[in-house]
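A lone chain, given as structure tokens: the form predicted alone.
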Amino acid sequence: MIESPSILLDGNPVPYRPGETLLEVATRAGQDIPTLCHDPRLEPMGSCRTCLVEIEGWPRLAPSCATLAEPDMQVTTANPRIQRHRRLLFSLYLADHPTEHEACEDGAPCELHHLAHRHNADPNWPHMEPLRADRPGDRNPYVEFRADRCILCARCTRYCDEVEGVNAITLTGRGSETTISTSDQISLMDSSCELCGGCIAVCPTGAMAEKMPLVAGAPPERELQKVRTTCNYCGVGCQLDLNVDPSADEGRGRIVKVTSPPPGTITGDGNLCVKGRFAYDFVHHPDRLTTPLVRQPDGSLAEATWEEAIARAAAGLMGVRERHGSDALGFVSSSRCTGEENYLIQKLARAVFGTNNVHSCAAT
């Protein structure tokens, strides 16, 4: 039996699979290496330099996310030299970043602030205003780019290119003026963007943010409760997290936004479409019916109790079946119902009324 090759990681032999990076090997071994530009769905870029490690015989620190493991490598993930590098690096990142942690996290959590605190970065360096240009006034309804929070990790542009394959956004400019933009700075509505919101999901600092909760003044994500559910807009069955403000609407709670679970943990690999991520405002829409309505003899609709409405609906359905047979009935459900409600609709059609004439747009 051929033994797997191994590296010496912090003094301990750790096997690896050919093609694995040092970051993948270390993560599997339980070592915590900080990263800002890494995402398992993306090709390694090594731009943020936070994951540098020391390799015996190498003159410089190496990015673990972009360095392949080789037999008998001796790798150190933490020592005074590495810690000094990380502390200095995070201090530099904070120099042109919003310095107040809570103010920076008005939406999604800021990974930069969390890592800077963990590695004792100096928050008192002289602050400089970022030179990156933003795109104020973009008329797209969902994505807001806030250049003062951007660290040019390029996770958003790489996701748009490598996962979605639409190339709607890219790095533009040079040097300290490099920023995230579109071709000729056109609106996302006029670009190839599919408004999937993946750029928001992968952004580690909140530079790519969701407009709707910001405009509504919703609480930051750290104050929201996440409720895992299944998207019903199609048949893929993507999992998503409803972010609920429990104190809203007089304690009844309100869905503030939708986020995707971590990649590699659910169907869809953490990717969502424009409907799955943004089409949730119907839940609390003021025009949504909250009381049953039944037709009166004069044709008008009047409010009724649930018992009365259900009895009227049952009598009408039973009457059609008695006069014309079960296949004269058809049941149409909605992707805006829950999975459980859609299941009950088809069970009502098949088991109670004996017809297969049942459909939902989520089935296509």
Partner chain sequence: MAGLVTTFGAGAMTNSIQEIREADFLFVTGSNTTEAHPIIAMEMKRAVRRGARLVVADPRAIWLTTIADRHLALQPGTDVWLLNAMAHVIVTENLVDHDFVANHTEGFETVRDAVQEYTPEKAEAITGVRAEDIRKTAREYATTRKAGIYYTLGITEHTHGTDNVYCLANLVLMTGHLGHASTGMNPLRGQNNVQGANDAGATPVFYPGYQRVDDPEVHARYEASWGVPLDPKPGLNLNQIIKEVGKTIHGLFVMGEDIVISEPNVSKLEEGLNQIEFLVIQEIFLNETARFADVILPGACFAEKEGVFTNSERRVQRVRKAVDPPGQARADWEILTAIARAAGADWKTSTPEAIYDEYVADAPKLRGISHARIEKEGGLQWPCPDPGHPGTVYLHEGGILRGKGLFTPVEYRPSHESSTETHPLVLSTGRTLYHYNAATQTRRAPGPAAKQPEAFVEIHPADARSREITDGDRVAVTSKRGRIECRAMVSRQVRRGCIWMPFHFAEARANLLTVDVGDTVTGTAEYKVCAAEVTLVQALENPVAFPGSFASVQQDR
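Think of the rigid core as the biggest set of C-alphas that the two forms share within 1.5 Å after superposition. Positions refer to the first chain, counted from 1. Only a predicted model underlies this, so the values are computations on that prediction, with no experimental measurement involved.
Note that the form predicted in complex with the partner chain isn't included here; everything after this is about it.
This chain is drawn without the partner chain; in the predicted complex, the residue among 82, 255, 94, 154 with a heavy atom within 4.5 Å of it is 255. A single residue from the set 283, 216, 88, 78 has any heavy atom within 4.5 angstroms of the partner chain in the predicted complex; that residue is 283. Contact annotation: the partner chain lies within 4.5 Å of heavy atoms from the stretch 334 to 342 in the predicted complex, the single such stretch among 334 to 342, 26 to 34, 60 to 68, 45 to 53.
The partner chain is not shown here, and in the predicted complex it never comes within 4.5 Å of any heavy atom of residue 222. The closest heavy atom approach of residue 15 to the partner chain in the predicted complex falls outside 4.5 Å. Interface residue remark: residue 125 is not counted as part of the site for the partner chain in the predicted complex, having no heavy atom within 4.5 Å. In the predicted complex, the partner chain sits within 4.5 Å of a heavy atom belonging to residue 165.
Residues 269, 271, 272, 273, 274, 275, 278, 279, 281, 282, 283 of 269 to 283 are found to place at least one heavy atom within 4.5 Å of the partner chain in the predicted complex. Residue displacement note: residue 339 has its CA displaced by at least 2 Å between the shown form and the other one (rigid core superposed).
Superposition of the core reveals a Cα shift of less than 2 Å for residue 29 between the shown form and the other one.
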